[in-house]
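What follows is a single chain, given as structure tokens, in the form predicted alone.
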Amino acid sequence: MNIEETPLPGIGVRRELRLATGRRVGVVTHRDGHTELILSRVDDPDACAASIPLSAEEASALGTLLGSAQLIAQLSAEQKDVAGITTHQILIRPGSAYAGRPLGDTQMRTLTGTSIVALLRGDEVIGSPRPDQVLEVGDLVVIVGTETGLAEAARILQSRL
């Protein structure tokens, strides 16, 4: 996939890729550090149809969501032949009772029978995180288990202070 990079004098840098539909989607990184998600118009690929400003945290979470698709697909493919086992991903949101706390505090395996197999943090993948790994807002927690266990895991990770 070819990513086009265009310097925007006095503004920053635009990075875009052309989709199979002919549209362009990309990101403008401004000199002051803020980021915009942009989408071209169908009838004019050089015109912007939508611009969505993102905070650093939002840009990081969106990047994680988009980048995690490949990891989730790989885990799902590996579990394809194991009946009753599923992979879910749960975002640690602001106000989560576990944001800023070690993973071990969740007692996830003991309480739900599920296994946390990875944390996706920005561009980083933390595989097989240890119990002392501190969860952060924006982390995407990748969990494997039964549907019942995963529902309970989601309830735990989404509980509020």
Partner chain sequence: MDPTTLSLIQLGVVFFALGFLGRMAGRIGMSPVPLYLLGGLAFGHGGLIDFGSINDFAHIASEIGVILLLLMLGLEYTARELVTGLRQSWMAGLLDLVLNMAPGVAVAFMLGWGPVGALVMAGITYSSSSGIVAKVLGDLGRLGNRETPVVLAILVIEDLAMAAYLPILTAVLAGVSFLGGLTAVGISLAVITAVLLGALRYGHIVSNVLESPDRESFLLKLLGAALLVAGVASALQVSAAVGAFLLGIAISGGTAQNASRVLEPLRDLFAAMFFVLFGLNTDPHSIPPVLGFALLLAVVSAATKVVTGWWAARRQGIATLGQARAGAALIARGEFSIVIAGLAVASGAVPKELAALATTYVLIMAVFGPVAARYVEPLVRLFQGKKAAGKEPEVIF
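Under this definition, the rigid core comprises the largest set of C-alpha atoms superposing within 1.5 Å between the forms. Numbering follows the first chain given and starts at 1. Model, not experiment: these values are computed from the prediction.
Same protein, other form: the form predicted in complex with its partner chain, not shown, and the subject of what follows.
None of 107 to 115, 92 to 100, 48 to 56, 123 to 131 except one has non-hydrogen atoms within 4.5 angstroms of its partner chain in the model of the complex; the exception is 48 to 56. Looking at E36, you'd find a heavy atom of it within 4.5 angstroms of its partner chain in the model of the complex. Within 4.5 Å of some heavy atom of its partner chain in the model of the complex lies at least one heavy atom of L8. Contact check for V28: a heavy atom falls within 4.5 Å of its partner chain in the model of the complex. In the model of the complex, its partner chain sits beyond 4.5 Å of every heavy atom of L65.
After superposing the rigid core, the Cα of Q133 is displaced by less than 2 Å between the shown form and the other one.
For E152, the Cα coordinates differ by under 2 angstroms between the shown form and the other one after the core has been superposed.
With the core held fixed, D46 shows a CA shift of 2 Å or greater between the shown form and the other one.
Shown here is a form in which the CA atoms of T35 and G127 lie at least 3 Å farther apart than they do in the model of the complex.
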